[in-house]
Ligand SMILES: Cc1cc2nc3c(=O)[nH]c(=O)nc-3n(C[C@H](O)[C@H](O)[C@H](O)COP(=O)(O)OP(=O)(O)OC[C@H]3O[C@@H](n4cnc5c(N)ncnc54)[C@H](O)[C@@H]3O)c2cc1C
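Have a look below at one chain only, the form predicted on its own, in structure tokens format.
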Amino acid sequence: MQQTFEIVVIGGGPAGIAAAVAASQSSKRVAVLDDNPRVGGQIWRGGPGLAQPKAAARWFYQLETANVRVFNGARVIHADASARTLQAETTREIFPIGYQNLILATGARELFLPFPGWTLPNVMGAGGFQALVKSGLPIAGKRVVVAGTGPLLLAVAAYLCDHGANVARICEQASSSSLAAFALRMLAFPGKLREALSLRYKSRFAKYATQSWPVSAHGKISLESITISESGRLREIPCDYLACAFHLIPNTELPRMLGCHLNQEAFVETDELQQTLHQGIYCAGEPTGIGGVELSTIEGRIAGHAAANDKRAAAKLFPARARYRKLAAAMKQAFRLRPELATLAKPDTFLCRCEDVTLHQVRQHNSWKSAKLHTRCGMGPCQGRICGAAANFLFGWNIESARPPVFPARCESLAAISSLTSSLTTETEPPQFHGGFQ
């Protein structure tokens, strides 16, 4: 049978947790659906009970003690805005969830930029690599280069150093003048500045190089070394892992499928209460603009209060949101990707690693749709989440496709969707969760 809640939050990261906690302060029934075994998202991966920043621990406690039903390991693969229903898949089955108000806190993923050797084993996204280490990947004594741009580089490098890795270099593509200007803006956020200085101290034995980025990766079976460009000079560095972080891309597939409008920067457009153009559908966190954990939690709280019809509580958070949006704008300006990064890939470099489609093959076309139809670029398991974002950066193409299922799903789940949407019943009961963390 369909379970119905007055407020459903999709995503258990900082924005989703904050939204659920805020919404639960009303008497309304609230549920959180998250596709990970534990809530926390990428930044707070691991969940409650494990070592976490104090801010994360506070949010975990508030969620655990709130009147919120948490569905872990439940991935939304289909949504019907007109019927106000979702279909979520677990490892066992698919089940329907009904809602009155919906809060989308779907987070973001890493932007991968292709260069020769980027598909070698042990070349990873920085956040993904950190998640593997948190899951038990041994890195003590391993040589690691962290490259890309933004504050995430320091956070990942510090974490790796804490776990015994030999971080040989932190390659930041931004210039030293851009970083200096950003540091001045950070003076208005002393807490964030102290955090950055602490992370740099933890990674102090790693050289921090500005105007530096990976040019190519080398290795016969897996990564053995990388060539970097450092202030215009090429340098080869032996390493066991390369962790790259070239910004974040918002996860907007579900909002688009629900008909939410995206602005020119491909972020979900919302009003002051975080409500989209669809009445009763709210969005918070990275899908509305990349701004960091503090901004995400503030937006989540606003969305939660608004969905619970407590506009006064939501309005009290407007000044804090405006303040952190200024920081997000400064960060965007300081770490803007340089055009040289669009020239790294060679004609035979794979752009789509799922379907082995090279840059040369894609360049024969003038749109994402044409490239997909003729080369199968973006039609592999990731459904264009990796190569589509790269194509947008390289060619400026609009990656407009969004269709169900939102994520890869089991055939039995796809077969069940039509019957679920017509009858909203199944022969078996949906999984039983009893609140708190499963």
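In this text, residue numbers run from 1 along the sequence as written. As the structure is a computational prediction, the values presented were derived from the model and not from experiment.
Just so it is clear, the following notes concern the form predicted together with the ligand, a form of the same protein that is not shown.
(request) Select, from the options 285-293, 348-356, 316-324, 201-209, the stretch whose residues sit within 4.5 angstroms of the ligand in the predicted bound form by heavy atom distance. (result) Looking at the other structure, the answer is 285-293.
(message) So the ligand isn't shown here. In the predicted bound form, which residue out of Gln62, Thr375, Gln42, Ser26 has a non-hydrogen atom within 4.5 Å of it?
(response) Comparing distances to the ligand in the predicted bound form, the residue within 4.5 Å is Gln42.
(request) Work out which of Ala308, Leu86, Ala147, Leu152 lies within 4.5 Å of the ligand in the predicted bound form, going by heavy atoms. (result) Contact with the ligand in the predicted bound form is made by Leu152 alone.
(request) May I ask you to state whether Leu33 is within 4.5 Å of the ligand in the predicted bound form, using heavy atom distances? (result) Residue-level check for Leu33: yes, a contact with the ligand.
(request) Would you please decide whether Ala19 lies within 4.5 angstroms of the ligand in the predicted bound form, comparing each non-hydrogen atom pair? (result) It does not: once the ligand is placed as it appears in the predicted bound form, Ala19 has no heavy atom within 4.5 Å of it.
(message) Taking the ligand as it sits in the predicted bound form, is Arg75 near enough to touch it, meaning that at least one heavy atom pair lies within 4.5 angstroms?
(response) Yes, contact at 4.5 Å.
(message) Considering non-hydrogen atoms and a 4.5 Å limit, does the ligand approach Leu248 in the predicted bound form?
(response) Yes.
(request) Sequence order please: the residues of 1-37 with a heavy atom within 4.5 Å of the ligand in the predicted bound form. (result) If the 4.5 Å heavy-atom criterion is applied to the ligand in the predicted bound form, 1-37 yields Ile10, Gly11, Gly12, Gly13, Pro14, Ala15, Gly16, Leu33, Asp34, Asp35, Asn36.
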